[in-house]
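Okay, here we've got a single chain as structure tokens, the form predicted on its own, with questions on binding and movement later.
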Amino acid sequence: MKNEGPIIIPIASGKGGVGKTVISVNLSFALAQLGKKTILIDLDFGGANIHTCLGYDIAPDGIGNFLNEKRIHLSEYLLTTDHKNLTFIPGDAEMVGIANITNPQKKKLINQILALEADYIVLDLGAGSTFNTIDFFMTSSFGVIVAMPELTSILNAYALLKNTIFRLLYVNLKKYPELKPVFDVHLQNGGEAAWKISEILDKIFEIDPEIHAEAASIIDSFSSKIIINMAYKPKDVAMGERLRKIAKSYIGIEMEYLGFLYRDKIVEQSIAARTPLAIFAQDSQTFQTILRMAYKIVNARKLPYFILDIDNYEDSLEILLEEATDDLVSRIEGYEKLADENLLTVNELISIVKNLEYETLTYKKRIQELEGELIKYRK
């Protein structure tokens, strides 16, 4: 069945400085190179900088202007790039108030994003677990989290995931007033390391098994991907495994690897040159790995879809969610003991490396097949 509308790929991180924007920009170029009409949108409210990665000294009109002016269509702010299949919309970091958009503005923006004509729309989101980041992260079941192989980065990524799942359940199930006490308790104790999403599900089951089935379906619809960036050695993949295991145990979601990137001086050089790696060093190992990520996305069997009802916003929740997030971050030290447990055996690590090698060979074979088909087509 043909997928309706663009496929949204929100890219977020639990903390800043993990290379999220560099990945967003180059993944967009990679999708464009695969022949997909792609739009890259800078939604890092208050810290937008995609335009600098694309060679602009001053931020052109973009998201901030759209939210504060009377123009109707977001498409009026699309700008061309060095690839014919890729356009982008700047974020306007210097515009006053852009970091604190209102709910009507958020609804307007989400609706307009979904109305854009493209195969893929990549959203470069802000770092952290603010409600703006979470709400845009929930616009698709294909959310991508970028993390470094460091404890604080992994824990902040987990905080983002946990708040996202809670937000999904709350927004989609608040139509059931009998569940209000369940959510209120956990909003008030958002920073406690002890509670799990499974506890919320258990309480929902006690109230109504049918609502519980709906809640479980909502969680199943969420399939976050993870990219480990700036790794030093192969065993750094273990940090990603810790996040996956914690997410499975405490949140009840399965995470998939989208990619594993090493630190690369060529990336820093491309940033200094204000030129995407896709143009600056297309043959580099880093961009080739990102290109492989694009192949995974294009060949995904389960197409991502919109899972957040954008009409279900409530100002009070925004305030409570911010408080819960602040509590979670302030008490994040409570997770250090959890994350330091021996969650990965040597055999598991060997298995992961073998799987990654197998994936590499599989995609190389697929590329060769596509090249063969292209040659036949040209003939």
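Since this is a predicted model, take the numbers as computed values, not measurements. Residue numbers here begin at 1 and follow the sequence given.
Keep in mind that the form predicted together with a small molecule is not shown, yet the notes after this line are about it.
Engineer: Is the small molecule in the predicted complex close enough to 69, 73 and 109 that every residue in that trio has a heavy atom within 4.5 angstroms of it?
Structural biologist: No, the candidate spot makes no contact with the small molecule.
Engineer: Which listed residue (81, 229, 156, 139) meets the criterion of a heavy atom within 4.5 Å of the small molecule in the predicted complex?
Structural biologist: Spelling it out, the residue with a heavy atom inside the cut-off is 229.
Engineer: So the small molecule isn't shown here. In the predicted complex, which residue out of 235, 244, 263, 292 has a non-hydrogen atom within 4.5 Å of it?
Structural biologist: Only one option qualifies, and that one is 263.
Engineer: Quick one: is residue 151 in contact with the small molecule in the predicted complex, heavy atoms, 4.5 Å cut-off?
Structural biologist: Flag for residue 151 set to no.
Engineer: Report whether the minimum heavy atom distance between residue 201 and the small molecule in the predicted complex is within 4.5 Å.
Structural biologist: Contact with the small molecule, no.
Engineer: Quick check on residue 127: any heavy atom within 4.5 Å of the small molecule in the predicted complex?
Structural biologist: Within the cut-off, so yes.
Engineer: Do residue 267 and the small molecule share at least one heavy atom pair within 4.5 Å in the predicted complex?
Structural biologist: Residue 267: contacts the small molecule in the predicted complex.
Engineer: Partner absent here, but in the predicted complex, which of 268-276, 247-255, 213-221, 164-172 has residues with a heavy atom within 4.5 Å of the small molecule?
Structural biologist: One stretch meets the cut-off, namely 268-276.
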